[in-house]
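Next up is one chain by itself, shown in structure tokens, the form predicted alone.
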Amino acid sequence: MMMADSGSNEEVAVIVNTDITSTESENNLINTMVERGTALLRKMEINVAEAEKRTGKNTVNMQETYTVYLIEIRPAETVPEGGTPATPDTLWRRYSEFELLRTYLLVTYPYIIIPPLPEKRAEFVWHKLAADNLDPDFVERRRVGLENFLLRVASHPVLSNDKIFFLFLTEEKGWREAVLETGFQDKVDSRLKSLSAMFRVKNPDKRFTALKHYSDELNTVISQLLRVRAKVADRLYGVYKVHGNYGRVFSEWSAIEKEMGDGLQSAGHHMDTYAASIDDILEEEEHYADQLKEYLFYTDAVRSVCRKHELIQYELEMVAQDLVHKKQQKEELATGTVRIFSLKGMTSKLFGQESQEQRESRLAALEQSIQEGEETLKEKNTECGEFVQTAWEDIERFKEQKDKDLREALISYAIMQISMCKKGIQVWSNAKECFNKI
């Protein structure tokens, strides 16, 4: 999994077919919980095939360097043995377009945990890892992450059927206009509104409260895990590279020995090989780190669903509170009893009571307002109930995905560490054989 960026260093993507082995492809599907037999993936194959650096002028006519990504799609059909796969349809996308798509999905499907995009800037890096968002290794990991994002959406039972998502995959020109025409930006809840709801909800749903708390804790745990991994990578890099000194010393020593020279020289070569192997090892580790980062970013998507529920719950409580207030007004007006201090009650005492006709008119207006309030309350209750039901269905789906993905990532990481240790043992075993020949 990976991440991308926008602005002066922005990115674009295209849909294409990648040259990976069937085993690598199978592993990708396992790690991303993507099943080729589900939703949109029954009809088409989706790949982000490559990334390309470009230079051009932005909206304020300033020169900028950015990355674009090639997306390839082709019909999901079985190719006969010896046959040629269909030529894929391709288009290029900038990272900002991926961001726009995801924002649209967040607003349109507030009850769904929307898959995250790869990081915009490298986070939790160790000192030898480039933080430059145009670094080739970073761009490659981001390409993998963007493809994973598309596969996540395309395998989702609801998101995969979205028309705007389909246009994103198939229409290079006019897609941005199409998504803006949906008016989704008008539905975006302000952050202030969401914060107000969070602090003022009187009867929060305990399930969503617990889910938000879990999401916060998961974010903390994964952040700590990534920091530990970055520290270990730093130190491991140093330990491996310092083994290159063995190679240098053995080589220098071999020059002054006759019978021992060949054995020392060979042992030095093994040490050099060992020292150089850490670069590939840590690059492979970055892909496992990116899988953890995806779930670090997923925690915000979970919180987004919780915040939306808080807002709906808050609006429901406000409607219910307003209805209670209006019913109390009606009762006071009908009986002439004022239970609490009010400006209207004080006005009546100072300037006399209103006429019967005025009172009846106010009663009729209140009755109408109460009926409308009851209808609104009914609608809000229905809205809240439907949100809870659909959101919880997706939350359960996400939990299953998360457990499977993280288990697979951790097992794969452990296997990689075991393999790394075995290679280290092999290097020292080879060195031992060299010493035996002295």
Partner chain sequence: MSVGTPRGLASSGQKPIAEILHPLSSAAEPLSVSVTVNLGGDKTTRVEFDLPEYCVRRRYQDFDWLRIKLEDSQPTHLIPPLPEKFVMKGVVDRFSEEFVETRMKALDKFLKRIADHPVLSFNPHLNSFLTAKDLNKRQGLALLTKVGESVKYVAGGYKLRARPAEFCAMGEYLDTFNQKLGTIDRIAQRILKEQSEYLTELREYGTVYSSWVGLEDELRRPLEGVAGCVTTCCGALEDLGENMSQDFLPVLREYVLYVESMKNVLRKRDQSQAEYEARLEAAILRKQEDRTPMPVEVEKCQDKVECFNADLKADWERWQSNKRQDFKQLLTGMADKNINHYEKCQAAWESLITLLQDKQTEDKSSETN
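A quick note: this is a predicted structure, and the numbers were derived from the prediction, not measured. Residue numbers count along the first chain shown, from 1.
Below, we turn to the form predicted in complex with its partner chain, even though it does not appear here.
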query: In the predicted bound form, the one of Ala210, Ala364, Ile256, Ala334 near its partner chain [non-hydrogen atom within 4.5 angstroms]; finding: Ile256
query: The single option of Glu217, Asp186, Glu357, Glu181 touching its partner chain in the predicted bound form, heavy atom within 4.5 Å; finding: Glu217
query: Location of its partner chain contact in the predicted bound form, chosen stretch of 232 to 240, 301 to 309, 113 to 121, 67 to 75 [non-hydrogen atom, 4.5 Å]; finding: 232 to 240
query: Close approach of Glu177 to its partner chain in the predicted bound form, 4.5 Å, heavy atom; finding: no
query: Contact of Ile411 with its partner chain in the predicted bound form (heavy atom, 4.5 Å); finding: yes
query: Partner contact for Arg397 in the predicted bound form: its partner chain, 4.5 angstroms, heavy atom; finding: no
query: Contact label in the predicted bound form: Arg42 to its partner chain, heavy atom within 4.5 Å; finding: no
query: Those residues of 284 to 320 which, in the predicted bound form, come within 4.5 Å of its partner chain by heavy atom; finding: Tyr288, Leu292
